[in-house]
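Presented below, as C-alpha cells, is a lone chain in the form predicted on its own.
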C-alpha cells in the first residue's frame, strides 16, 4: 500500500491544511503498514522549507516549472496524475480547501478512482482505510470503505491534531521533479488573483475563530469582533448573510457554501445558526454562542451560550480576558 499527498502551496509557503494532511498520512502509513509515502508540490518552494514542515518518511517532489506558480486546474491535474501513475500509489490525499475541492474530482476522474470528499480517514488493524464523511448539512454520516483500487481522499480541515514536536523523525527526501509534462497548462489563464493581507491566519487553519452574522448589525461593528480576535490570537469569520451584505469578504465565509473549520474555540456572534452554517463548524471542539434571541438555533449546537446584545457582551468578554491575562 502506497500513499501520495498533494501539498498545496500559496506564494511559496506550504499551507497549514496541507501539512495536516501530510501528518495524517504519516500516521496512516505507520498504522496500516504502508510501504511508501510520496508528496508533490506544484510551484517553486524552498527545499529547506518543505523539510522543516514535512517530517516523516517518504519522498516529496517539487515541480518548479513556471506554469505551476498559480493554480491551473488542467495543468495541475494532468501533471499530478502522471506522477501518481509513475509511483503506483493507490491512496491519494489532499486538503479539502477551495483548490482541493476543485482538483480532487479532476484527479479522480483521470485515474478512474473513487472519490471521498471532506472526510476523516483512519486505518483499521487489517490495514484497510476507512473514510467517514458527512452529508445533508452535516446531519448524516457515511462510512466509505472497500471502493476501487485507487481512492482520492480530500480531508476535512484539521482532521488530526498532533502535539509539537511531531512524533516522527525527519527522514523525508525532497527532490526536483524531472521530465514533467506541462502541455495541459494551455487554456488555464489566471484571470485575477485577490489576496487579503490581514495579518491573521486563514479561518480554516486557526485554533480560535470569532465569527459574526447579520446580528452584528454593520461592517463597522465587526471591529468589536476583530478586537476580541486579536486578544485571543484568533481569526475573524462570518456567516453567509454577513458576506452577502458586503461586511466581510467571501474568504471569511463559514458554512456549506464557504469554508469548513475545526478550531479549538469557535465564538459565534449574532449568528442564528442555519443548518448551512452549522455544517461548516462540525469540527469545532468548543462552541460559544452570543445572541440576543434565546430561541436561536445556534444555542442547540453550542457548548456555552450567552443571551444578550453583542455590543454589550463582546466588550465585557474582551475586558475579562485581558484581566485574566494580566493576573496570569
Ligand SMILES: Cc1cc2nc3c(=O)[nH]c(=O)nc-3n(C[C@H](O)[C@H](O)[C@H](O)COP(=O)(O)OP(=O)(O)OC[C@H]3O[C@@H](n4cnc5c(N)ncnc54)[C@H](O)[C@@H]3O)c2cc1C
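Bear in mind the structure is a predicted one, so any value in this text is a computation, not a measurement. Numbering follows the first chain given and starts at 1.
Just so it is clear, the following notes concern the form predicted in complex with the ligand, a form of the same protein that is not shown.
- Screening 96, 134, 253, 91 for any heavy atom within 4.5 Å of the ligand in the predicted complex leaves a single hit, 253.
- With the partner removed from view, the residue among 44, 285, 303, 293 that has a non-hydrogen atom within 4.5 Å of the ligand in the predicted complex turns out to be 293.
- Although the partner is absent here, residue 257 lies within 4.5 Å of the ligand in the predicted complex, judged by heavy atoms.
- Although the partner is absent here, residue 308 lies within 4.5 Å of the ligand in the predicted complex, judged by heavy atoms.
- Though the partner is left out of this view, residue 148 does not reach within 4.5 Å of the ligand in the predicted complex, counting heavy atoms only.
- In the predicted complex, the ligand lies within 4.5 Å of some heavy atom of residue 241.
- Of the candidate stretches 109 to 117, 232 to 240, 202 to 210, 170 to 178, only 232 to 240 has residues whose heavy atoms lie within 4.5 Å of the ligand in the predicted complex.
- If you check the ligand in the predicted complex, you find a heavy atom from every one of 214, 272 and 277 within 4.5 Å.
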